[in-house]
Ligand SMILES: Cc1cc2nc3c(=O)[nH]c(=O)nc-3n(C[C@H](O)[C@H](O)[C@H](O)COP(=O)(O)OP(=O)(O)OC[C@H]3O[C@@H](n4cnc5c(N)ncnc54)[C@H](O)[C@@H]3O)c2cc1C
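One chain comes next, on its own, written out as structure tokens in the form predicted on its own.
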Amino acid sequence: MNAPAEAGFDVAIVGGGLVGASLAVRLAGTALRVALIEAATPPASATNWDERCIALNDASHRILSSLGVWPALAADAEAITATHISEKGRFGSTRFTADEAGLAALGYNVPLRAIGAALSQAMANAPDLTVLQPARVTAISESADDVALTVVDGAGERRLRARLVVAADGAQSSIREQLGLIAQTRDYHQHAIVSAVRLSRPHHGMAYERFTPDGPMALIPKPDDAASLVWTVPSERVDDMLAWSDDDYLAAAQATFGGRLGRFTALGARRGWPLARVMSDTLVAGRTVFIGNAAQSLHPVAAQGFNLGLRDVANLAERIVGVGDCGDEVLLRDYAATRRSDRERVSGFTDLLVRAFSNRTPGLAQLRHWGLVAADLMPPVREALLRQHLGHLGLPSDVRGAA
């Protein structure tokens, strides 16, 4: 639905990626008047065996089920029934299974394309949702009762007013920059090379995280005995590794991972992504709230980032639906306080994993080894790590039963 040259909304979502679109779908059909503003043109949708996927934990599965989009994803989703965590050169390891969690799956590996398509279709079916795409916010100013946004799209410049602005516009948030807010950045001096491999043995739904001195390697199950391969390497090596032949790359990946899944028989397209942690100093500024990567962009180790962003969506929606003023300062401060523990726990956990396992300090290797042994043998440690893995600690009450 198009917006007039000047229009009023309850919620303006800036950023229509997976997190922003999820919030738009969640709010559609409520009494709230919602606009979504996305700068990028809709991506082309193409299905390939090596397409990029994202690992969803059980909490995210419940959230997407509560949005009504899971049935559209189920055919493309590969169940993760167990995870195996190890360190190259050490025998200590730990393993978690869906059975011990009392679940059908710990999570699912789902193509980004499928999630985007399901959310786009859900937004298209929402008659009261205004989507401006491609469009960008060029100015923002706040008054006591609302926020004014200047938006430029193919039709020219228009002005929108909203009681609440939700910035879901990524780690380099333009809204954060326009408001003059600060984010803390930690450059890990690493790149993730994202690809996929075909396997000579069935993966049986097992996901693997293998730590090396240079960074972790993750293999996450895909259909037809393929797996997403995410290999974290020092940034100074990434260009050379992207230039290797497929055979050389497969051989190096095989030597790093080992033979648990037999041979890697084929390699998909490779793409390199720089890795950094970007943490917004604040989640709330007046009538603006930051969610997803605009709030915190994390290292992909343990696949926590998007899952954390979906919990931002679920918790924010729980607070703003059905209230008189969705941009009320007290309400937003309560949201920020509620999200603090989940955000700090997850960001601290991923940062600790990266720095502890990508470290050659003498003596630390032994500590890492015994940490994996403790995670495997000590019930309190196992339970805490499993709950962290599933995402249940930050799940709001209104979606805990969804599946």
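Predicted model, so just to flag it, every value in this text is computed and none were measured. In case it trips you up, residue 1 is the first one in the sequence shown, and so on.
Here the subject shifts to the form predicted together with the named molecule, a form of this protein not shown in this document.
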{"property": "Candidate site G16, G20 and A168: all three near the named molecule in the predicted complex by heavy atom within 4.5 Å", "result": "yes"}
{"property": "Sole residue of A135, L179, L149, V238 within 4.5 Å of the named molecule in the predicted complex, by heavy atom", "result": "A135"}
{"property": "Partner-contacting position among P111, G205, G268, G305 - heavy atom within 4.5 Å of the named molecule in the predicted complex", "result": "G305"}
{"property": "Contact stretch among 62 to 70, 330 to 338, 30 to 38, 343 to 351 - heavy atom within 4.5 Å of the named molecule in the predicted complex", "result": "30 to 38"}
{"property": "Partner proximity in the predicted complex: S174 to the named molecule, non-hydrogen atom cutoff 4.5 Å", "result": "yes"}
{"property": "P221: touches the named molecule in the predicted complex, heavy atom cutoff 4.5 angstroms", "result": "no"}
{"property": "In the predicted complex, G292 touching the named molecule (heavy atom, 4.5 Å)", "result": "yes"}
{"property": "4.5 Å heavy atom contact, A192 to the named molecule in the predicted complex", "result": "yes"}
